[in-house]
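A single chain comes next, written as structure tokens; it is the form predicted alone.
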Amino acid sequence: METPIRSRETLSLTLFSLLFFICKSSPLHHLLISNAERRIDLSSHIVKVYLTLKIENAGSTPASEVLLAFPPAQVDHLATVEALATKGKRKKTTLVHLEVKPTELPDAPNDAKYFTIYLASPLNSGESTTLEVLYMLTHSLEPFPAEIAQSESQLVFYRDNALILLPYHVRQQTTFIKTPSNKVESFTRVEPTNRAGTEIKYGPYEDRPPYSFSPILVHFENNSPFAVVEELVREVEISHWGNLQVTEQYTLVHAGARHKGVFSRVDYQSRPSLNGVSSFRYLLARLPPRVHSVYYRDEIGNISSSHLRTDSRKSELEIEPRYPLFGGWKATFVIGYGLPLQDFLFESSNDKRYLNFTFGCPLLETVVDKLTFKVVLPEGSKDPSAVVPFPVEQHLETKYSYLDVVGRTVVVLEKKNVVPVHNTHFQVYYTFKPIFMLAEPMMLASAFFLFFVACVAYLHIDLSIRK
């Protein structure tokens, strides 16, 4: 096992050495990092990385952008990147959200990915600023062993860099890795390295050139549920008669170490702290307030083992699948509920209506590999447009329901690698004339009238054959 790991480490060192020489002549050298601190949280299956950078402008021209680099191994697992800038001094310090966009560099080798942070104001020569960066990684914990029995704990690998990968010269940097428990099987040492309880400290390291790379491997115990929704389809249907109907179709899998052997429900129920510690038997969904007509069912039928708690601010639905989920096990189910329309539909200043709803997955601490969000507009709606605070794929469809003539416009939003931070509000704008609300009642009235006329005509027409 050590030979493939060493081969990958050698390949990574060669790659980023090449990256350094390629980018050495770029105009980024006028910025430098005086101090960098990174904190990696491995307490769940979603890796959260908090990065604090103190940046100085050592050049002669103002700088308005800061570049972040990510190794190829993290590109496909990168879910979100956010940046904040500290403004003010001491007790009057405030945080300002900064715009972050992915950037393509022509000289980036082997699919290395870059993000550009746009500063709120240009950083003049000799000035410094502090940035707070948060990024999350999914599917970055590798179960080892890949299969475990019901009574065994789950051990995972985490691979990263002891040094912070940056395209700038770094004077001093430190990395802290937090594990969920004290049970750490092994970890790579890159001196100075210290471990105290659940925290591993790498550094401080002094005067490191751009794109410095030193691979590390941490092998530790992590029994948190690896709840992954392989596919989630959320459909919100708007009815101007006062209701909002939401339907959510889930394909859920436990993405941790696969279960091997025979499952014993007796041992699982009698000794839950020793059997199946990495499994999960229930999920918590956070729904909007004033929810009603809630149902939860799978392919067999309705599942009654659920609990709904509501108050004026939120609603929580605790659901239990028909069986506990171990590594590699799947479950498919549907959650549906209704909401009052006046809580989510509003009118804008340009005579447009817009839906203000929450994107993402209602299940807490869950990764969604593919999320499809469908907003079904009333028949007769025109000029639909969606405003989402992060990049998504958008297109339009047409859906036919009861008594529809031309069909209903459906705004479809698709996104991959969705994490809880994506549970933010978005808006769907459209125009609608109230006269279209009378279309279905008039159609029903016309149908009944024609039926009545047909009945009267049938009773008064003599169809018999006479001489």
Partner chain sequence: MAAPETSSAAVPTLYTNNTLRNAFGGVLSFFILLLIGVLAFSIRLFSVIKYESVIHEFDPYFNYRVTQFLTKNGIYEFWNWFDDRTWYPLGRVIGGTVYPGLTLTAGTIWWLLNSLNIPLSVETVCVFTAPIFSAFASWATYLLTKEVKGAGAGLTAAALLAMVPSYISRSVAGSYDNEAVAIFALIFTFYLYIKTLNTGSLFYATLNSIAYFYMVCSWGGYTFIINLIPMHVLLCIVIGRYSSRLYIAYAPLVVLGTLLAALVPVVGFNAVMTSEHFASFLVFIIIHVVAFVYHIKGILSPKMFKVAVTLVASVGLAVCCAVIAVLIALVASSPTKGWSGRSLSLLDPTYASKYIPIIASVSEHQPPTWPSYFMDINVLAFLVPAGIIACFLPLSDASSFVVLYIATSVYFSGVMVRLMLVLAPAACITSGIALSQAFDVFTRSIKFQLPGISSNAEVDAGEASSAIAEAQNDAVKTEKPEETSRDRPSRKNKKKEKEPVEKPSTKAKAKAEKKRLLALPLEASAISLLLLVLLGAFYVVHCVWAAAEAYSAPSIVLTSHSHDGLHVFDDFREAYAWLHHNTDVDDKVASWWDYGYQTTAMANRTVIVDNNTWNNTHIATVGTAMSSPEKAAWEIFHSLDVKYVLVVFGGLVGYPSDDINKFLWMVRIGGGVFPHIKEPDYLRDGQYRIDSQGTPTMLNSLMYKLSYYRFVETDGKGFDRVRRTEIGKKYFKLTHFEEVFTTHHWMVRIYKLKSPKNRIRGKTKKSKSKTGSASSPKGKKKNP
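Numbering follows the first chain given and starts at 1. Quick caveat: nothing in here was measured; it's all calculated off a predicted structure.
Separately, the form predicted in complex with its partner chain exists; it is not shown, and the next lines address it.
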Answer option from H292, K370, R297, R195, heavy atom within 4.5 Å of its partner chain in the predicted bound form: R297
Interface residue in the predicted bound form among T310, Q394, Q269, Q172, criterion: non-hydrogen atom within 4.5 angstroms of its partner chain: Q269
G261, R265 and Y323 all contacting its partner chain in the predicted bound form, non-hydrogen atom within 4.5 Å: yes
Distance check, Y400 to its partner chain in the predicted bound form, heavy atom within 4.5 Å: yes
Partner proximity in the predicted bound form: F346 to its partner chain, non-hydrogen atom cutoff 4.5 Å: no
Contact of K330 with its partner chain in the predicted bound form (heavy atom, 4.5 Å): yes
Partner proximity in the predicted bound form: R281 to its partner chain, non-hydrogen atom cutoff 4.5 Å: yes
Option from 204-212, 330-338, 125-133, 357-365 whose residues, in the predicted bound form, bring a heavy atom within 4.5 Å of its partner chain: 330-338
Residues in 119-149 with any heavy atom within 4.5 Å of its partner chain in the predicted bound form: none
